Ligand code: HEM
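Consider the single chain below, provided in structure tokens and representing the form predicted on its own.
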Amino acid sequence: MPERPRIRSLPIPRTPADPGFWRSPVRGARFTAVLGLVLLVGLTLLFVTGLLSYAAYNPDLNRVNDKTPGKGLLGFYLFSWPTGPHWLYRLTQGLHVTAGIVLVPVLLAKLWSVIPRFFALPPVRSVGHALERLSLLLLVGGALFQFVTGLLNIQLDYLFPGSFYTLHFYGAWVFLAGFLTHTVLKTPQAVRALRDGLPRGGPDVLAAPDPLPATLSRRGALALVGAGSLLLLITSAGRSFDGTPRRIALLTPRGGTDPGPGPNAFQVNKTATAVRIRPADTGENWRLTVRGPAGEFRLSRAELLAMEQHTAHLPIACVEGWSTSDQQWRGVRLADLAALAGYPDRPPGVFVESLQRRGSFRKAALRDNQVRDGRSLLALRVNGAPLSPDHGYPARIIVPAAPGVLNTKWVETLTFGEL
């Protein structure tokens, strides 16, 4: 009889739930632990500087400053934002944005290193394991959401639906819940992995059981991640400096290259055209309205220039992470205008209204400590020349250590004491 053909058995296709599906020789507990500890430090810095940025807007002072209504107990930490040192917001927000960009390769590498665990079966083995999985969901989802919305806000156009301020604020607290829970659960394991190389009680559960031949060592992979972060640092951090660093900061387009020569040749976030300021709005008929207990006063630019003038050297720093070096501003102290309005001693806060017709922060409130600071000005000139239209002509607010949007341009009205 002819020999019957043998039926060749085919291997059962592997699924992501099968440990053998993942074969990279780079994965391992020690590799993941190194990335995790870097993120522990970096994400803590991001969260703290993010909270400081939110406090700098003085959201509990007036509803026009509060872009996250209904925050409730989440605003427990808010405090009166100081005016010194004058570079405070420039430092904290620069760190926040730069660290967020630099950590992107670390975050992606960390997620890649633990992705087999996402598909492990059964999905829940115990109450403790369920808590760990929930913390992982909040951590990963929150981190990706925060990084995506933050990176979009740094770019020229914010494309994510909804208010950046609200989404980023609440997303941060969701992320923090997962971050703290996961840190408590995983830090002991990470420390043991760094110290001993293997988790206690068994083999390296993150290592592939059937790895492919190595083409890159784990040290090499860590070096590659570090090189990616270094490249992002070089191409983003320069927006907080002048000269060459600013020109090579290609990944942070706001606050870009110097906008031409002259005393007003430094960065702007929104132009007069963008907010629909017309030449007639800022011409000879423009008047500043100052209100307070002493009544209402309308002052022309010439009358403001006739008042005692003061000089302050202050930067502009914005939430997107870019800033300028100190510029020489000259104008009338806010405290002097408060005295005119009826507050000769210990002036209160001020409600500022702009001529701009579109865009956020057309109105803003400043605290009493900001009004009282001798460097807080209604600026009329900068670097020895009148303000340009894009820098707020005929008059703008400049306050030390305040976010750029609170340094209101094209000022129309100052109301002291009613916040």
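Keep in mind that what you see is a predicted model, and the values were worked out from it rather than measured. For every residue, the number given is its place in the sequence shown, counted from 1.
Keep in mind the form predicted in complex with the named molecule is missing from the figure; the text below concerns it.
Taking L340, A312, A272, A172 one by one, only a single residue has any non-hydrogen atom within 4.5 Å of the named molecule in the model of the complex, and it is A172. Contact annotation: of the candidates Q356, N62, S388, S53, the single residue with a non-hydrogen atom within 4.5 angstroms of the named molecule in the model of the complex is S53.
Shown here without its partner, the chain carries R330, V399 and A402, none of which come within 4.5 Å of the named molecule in the model of the complex through any heavy atom. When the named molecule is considered in the model of the complex, G150 lines it closely, a heavy atom lying within 4.5 Å. Within this chain, D336 is remote from the site of the named molecule in the model of the complex, having no heavy atom within 4.5 Å. Contact check for I154: a heavy atom falls within 4.5 Å of the named molecule in the model of the complex. For the chain shown alone, S240 is not a contact residue for the named molecule in the model of the complex, no non-hydrogen atom being within 4.5 angstroms. Stretch-level contact analysis of 283 to 291, 172 to 180, 208 to 216, 341 to 349 against the named molecule in the model of the complex, using heavy atoms and a 4.5 Å limit, identifies 172 to 180. Contact annotation for 35 to 52: residues with any non-hydrogen atom within 4.5 angstroms of the named molecule in the model of the complex are L43, L46, F47, G50, L51, listed in sequence order.
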